[in-house]
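The data below hold one chain only, encoded as C-alpha cells and taken in the form predicted on its own.
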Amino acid sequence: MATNQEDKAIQAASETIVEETELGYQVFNAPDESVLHQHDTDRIPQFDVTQEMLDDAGEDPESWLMFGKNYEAHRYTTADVITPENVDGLELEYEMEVGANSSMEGSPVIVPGDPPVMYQTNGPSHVKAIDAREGEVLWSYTYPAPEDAVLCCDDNNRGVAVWEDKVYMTSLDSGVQALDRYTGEELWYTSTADYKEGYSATWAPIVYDGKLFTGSAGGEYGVRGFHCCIDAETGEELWRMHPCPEEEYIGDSIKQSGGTNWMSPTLDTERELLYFNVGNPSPDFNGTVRPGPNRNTCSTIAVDIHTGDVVWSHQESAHDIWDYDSAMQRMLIRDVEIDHLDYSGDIVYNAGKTSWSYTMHPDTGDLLVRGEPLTQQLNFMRQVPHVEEEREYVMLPGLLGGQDWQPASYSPETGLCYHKVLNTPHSVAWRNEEYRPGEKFWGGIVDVEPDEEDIPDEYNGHISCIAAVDPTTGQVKWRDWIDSDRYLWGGSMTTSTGLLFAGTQNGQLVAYDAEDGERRWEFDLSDKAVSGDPVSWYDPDTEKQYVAIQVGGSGFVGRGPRGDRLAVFSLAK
C-alpha cells in the first residue's frame, strides 16, 4: 500500500495551493493534467449501483448512496446498532490523512459490498475510493483545476454521485467529471459554463433514471444562475433552465442576475419534481441596479425533471440586499399532519439564512408554516444605508445565516428537523460597482468581525447553535448554544434509534438524544473544526455500525485552521 507521499494523485492535491486574492480564492500549483493513482482496484466489488438501490437508499442500513442519504434528503440511517444506551461504547475504528489541507466539507458515499467502498472527496476536486472496512485507499484522482478559476468562498467539494459503474464529481471550473467507479479512469467530462466569468461547482450532484442534475455557483461574480440535466451515460446536456425570468428584469440586469444554486437538489420521485435551492440576486448588496422582486432568487423552485420547466416557486427574501440566499438542501417529508391547518399530506421544508424555517405545499409551493426564528433577528431586513457609500450597518443574522449550506437532518421517529445555525452579526456597507466578468460583483463591503460597539445591545453573544424544529408548527423544540471564535459548519445525521450526530467548530463529534437534545456522547477529534457531515452504515461481515466524518476546514473565508482528516468510528452488535 502506497503512502500519501507515494500516491501521485494525493501528492498533486496536497501540492495544490488555494489562496485568497483580490479576485477571491484562486488555485495555484495545480497539476497541468488529471492525475490517477491506482492501488488495489481489484478489491472493489464489481456490480452496478442500480436505480432500485438508489430508490431504496433511505431504507438500506448498509449504504449511504447519495449526499442526503435518500432523494428526500433526510440524512437518516436505519442502521440500529448504536443506541442512546450504548453510544458511549462508540470507538475510533481508524482515521486517515486524506492528503490535502482543505475545507473538508461534505459527505462520503458508501456503496455496500465485501468490502463496502467509500467515495470521499475534498477540495480542490479530489476523490478517492477507500476500503471502508480497513481505511485503505484503492484509487485516488485529482482533477486539474485551472489556475484562473475564481471562487467566492473556498475550494470546497461536498461529495459525489454514484450510478451503475460510474462516480461523478463536480469540478471547480464548473464541470462534471465522470469516472469509472472501479478504476478511477476518466470516462467523460462536461463543462457547464465558462469558469472565466466566475462560474464554479462544489456540491454533490444527484442521478435519477440515467439523468444527472447539477447547476451553477458564482453568484458573487455577477453570473446568471442556471440548472441543467445531463445524460449520465454520455455527458450530453439534455435541458437547461434559468431561475430568473428574463421578462422581469430590466435591461442588462438579467445577464448578472445571480440566482445560482450551489447545493444539491432534492427529488420527488412521485411528482417527478426537483426542489432546487436558489441563491442571492446579484450584486449582493446593491439592489438599485436590479429593480423589482428579483424573482426567483432566494427561493425554492420546483422544476419538472423532464423539461426543466418551473412548476412553482416560493421566495424568502424579495429584492434581497442582505445576501440571504437560500442554500439548504430541501427536505421532502411525506404523510405529515398539520393539525392547526387541518392539512394531511406531503411537505417541502427548509430553513433559510433569514433564520426562519419554511414548510411548503409540494404541489403549489404555498407557504403552510413559517417557523419561529432559529437565531436572533436584530436590525433584520432593514434598508442598507445608501446615503453615502461604505456607511456600515450591522445586521443579524449575518450573511451566513441562520441556516446556510449546512445540510439539516430529519427523524421520522421524533418528527423533528435538526439544524446547525449561526447567530453571528456582520456589518455590510453599500457601494456602487461596475460589472467586470470574472471579478467580484458584490455591490458592497462585508465585515465579518464588526466593531463591538456597533453590535446591537440585545445580541446574546452566542455565535451558533444546534436546534430541533417541528416542521408542522415551526416551533423550536430544543437548542444547544455553542460558542467559539469559528463558525459552526457542516451537517448532521439522525438514526432510527433516536440519536442525532453533529460535529462542532471546536473539534468535537457529538451524539445527542434527538428527542430532548441531551448530549449522550462526545469525542474530541482535533483542534480543528469539524466541517463535514456525518454518515453511517452497517457492515454485515463485521457486524458493526460505522460513523464517518471529515475533520478540518476553514468554516468560511479562511476562519479556523484547515485540515485533512477522515475519522471512522464503529460499534459492534
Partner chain sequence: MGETYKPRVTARDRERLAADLGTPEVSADGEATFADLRAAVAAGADPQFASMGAAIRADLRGQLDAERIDEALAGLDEQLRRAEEVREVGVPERVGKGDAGVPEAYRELIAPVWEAYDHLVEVGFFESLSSNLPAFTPEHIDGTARGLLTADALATDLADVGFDERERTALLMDVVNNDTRLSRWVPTADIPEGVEFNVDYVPPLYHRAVGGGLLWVKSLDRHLVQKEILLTEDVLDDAFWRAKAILGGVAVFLRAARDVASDEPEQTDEQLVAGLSGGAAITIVNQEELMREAYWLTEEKRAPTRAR
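Numbering follows the first chain given and starts at 1. Since this is a predicted model, take the numbers as computed values, not measurements.
There is another form of the same protein, the form predicted in complex with its partner chain; it is not shown, and what comes next is about it.
Trainee: With its partner chain left out here, work out from 187 to 195, 454 to 462, 234 to 242, 470 to 478 which stretch has heavy atoms within 4.5 Å of it in the model of the complex.
Mentor: Going through the listed ranges, the match is 470 to 478.
Trainee: Out of Leu212, Val394, Val369, Ile347, which one falls within 4.5 Å of its partner chain in the model of the complex, going by heavy atoms?
Mentor: The residue in contact is Val369.
Trainee: Counting any non-hydrogen atom inside 4.5 Å, which residue from Val448, Val311, Cys152, Ala429 sits next to its partner chain in the model of the complex?
Mentor: That would be Val311.
Trainee: Hey, with its partner chain in the model of the complex, do Arg43, Val162 and Thr183 all fall inside the 4.5 Å heavy atom range?
Mentor: None of them does, since no heavy atom lies within 4.5 Å of the partner.
Trainee: So, Ile321 and its partner chain: in the model of the complex, are they within 4.5 Å at any heavy atom pair?
Mentor: Close contact exists here: in the model of the complex, Ile321 approaches its partner chain to within 4.5 Å, heavy atoms only.
Trainee: Asn296 versus its partner chain, in the model of the complex: is there a non-hydrogen atom within 4.5 Å?
Mentor: Result yes; Asn296 sits at the interface with its partner chain in the model of the complex.
Trainee: Is Val289 one of the residues lying within 4.5 Å of its partner chain in the model of the complex, judged by heavy atom distances?
Mentor: Judged by the heavy-atom cut-off of 4.5 Å, Val289 is in contact with its partner chain in the model of the complex.
Trainee: Indicate whether its partner chain has at least one heavy atom within 4.5 Å of a heavy atom of Arg334 in the model of the complex.
Mentor: No, Arg334 is distant from the partner.
Trainee: Judged by heavy atom distances of 4.5 Å or less, which residues of 252 to 279 approach its partner chain in the model of the complex?
Mentor: Result: Asp252, Ser253, Lys255, Gln256.
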